[in-house]
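As a starting point, one isolated chain is supplied in structure tokens, in the form predicted on its own.
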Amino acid sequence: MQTKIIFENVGGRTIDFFTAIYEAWQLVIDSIKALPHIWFYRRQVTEQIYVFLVKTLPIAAVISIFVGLGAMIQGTYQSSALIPRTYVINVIFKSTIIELCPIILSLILAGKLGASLAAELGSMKISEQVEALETMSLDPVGFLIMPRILAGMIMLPIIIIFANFLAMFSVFFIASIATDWISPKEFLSGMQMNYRAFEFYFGNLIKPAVNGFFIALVGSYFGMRTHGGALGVGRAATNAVVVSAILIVFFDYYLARLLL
């Protein structure tokens, strides 16, 4: 009897897992189908761009500055007299723009934006506002989901570019101006050493766009599946943060392995 219950639970969880994947990708397909009507939903797209960009820039600015400073402290601590300082700056530069800023900020924004999206859409779902859109002949996916996914894929790269600039400027200010640890000429030489343009595109455009896609998609998916009143809204927000964080670190590894 106990074995039967275990197998039933495992089978039910497996079915739920593949059902969730199917439903999530159905949202993606429906969002792509809604793209030709983007001008009709331009107000919703503009609102989501504001949410994704303007409301997150202060958080991104503070975090990116200290990410850069933390990378500089670790780099200088691990360096020695045998390692030229330009090599240390090169390691700090590449690790910051390729990995540290994109992954740390994406995880933090998954907590902020993912939970916010799930809670907002979950509240609309349990208050039957989503059904009200259908009665007005409006596509809920085009009205609610597509603008969020589009804003996430466009705005997160802009946030990461801004964050990487602030991170490296903070490193430059402390290392070359405030402490005179390295000259500005050596600092720039370290940044240019073994430079590959694709690394810039990968850390500033490709990876943030993928992470923004997952943050918006997962938050929207759990929001649209919300049930059970206020408790269900809290559960949807929590699930959105956890799942999007897992997807971000999972694809962070596989994107790097595939493209770098």
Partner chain sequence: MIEVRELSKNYNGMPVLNGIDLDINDNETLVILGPSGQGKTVFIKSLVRLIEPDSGTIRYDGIDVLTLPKRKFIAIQKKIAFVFQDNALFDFLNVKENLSLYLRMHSKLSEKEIFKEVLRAIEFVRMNEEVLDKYPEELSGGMMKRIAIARAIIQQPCYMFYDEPTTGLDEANVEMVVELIHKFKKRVCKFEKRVCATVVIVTHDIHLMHAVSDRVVLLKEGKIVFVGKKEEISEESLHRLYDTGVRDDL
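Positions refer to the first chain, counted from 1. No experiment lies behind these values; they were computed from the predicted model shown.
The form predicted in complex with the partner chain exists for this protein as well; it is not shown, and the discussion that follows is about that form.
Open item on the list: Within 4.5 Å, heavy atoms only, which of R43, H227, K55, R196 is in contact with the partner chain in the predicted bound form?
Closed with: Of the candidates R43, H227, K55, R196, R43 is the one lying within 4.5 Å of the partner chain in the predicted bound form.
Open item on the list: Using a 4.5 Å heavy atom cut-off, which residue among S183, T179, Q129, Q78 comes into contact with the partner chain in the predicted bound form?
Closed with: Of the candidates S183, T179, Q129, Q78, Q129 is the one lying within 4.5 Å of the partner chain in the predicted bound form.
Open item on the list: To test your reading of this chain, name the stretch in 171-179, 106-114, 156-164, 138-146 whose heavy atoms come within 4.5 Å of the partner chain in the predicted bound form.
Closed with: Looking at the other structure, the answer is 138-146.
- [ ] Answer for E99 alone: is it within 4.5 Å of the partner chain in the predicted bound form, judged on heavy atom distances?
- [x] Answer no; every heavy atom of E99 is more than 4.5 Å from the partner chain in the predicted bound form.
- [ ] Find out whether any non-hydrogen atom of L133 is located within 4.5 angstroms of the partner chain in the predicted bound form, and reply yes or no.
- [x] Judged by the heavy-atom cut-off of 4.5 Å, L133 is in contact with the partner chain in the predicted bound form.
Open item on the list: Just checking whether V91 would be counted as a contact of the partner chain in the predicted bound form - the rule being heavy atoms within 4.5 angstroms.
Closed with: Because no heavy atom of V91 falls inside 4.5 Å of the partner chain in the predicted bound form, the answer is no.
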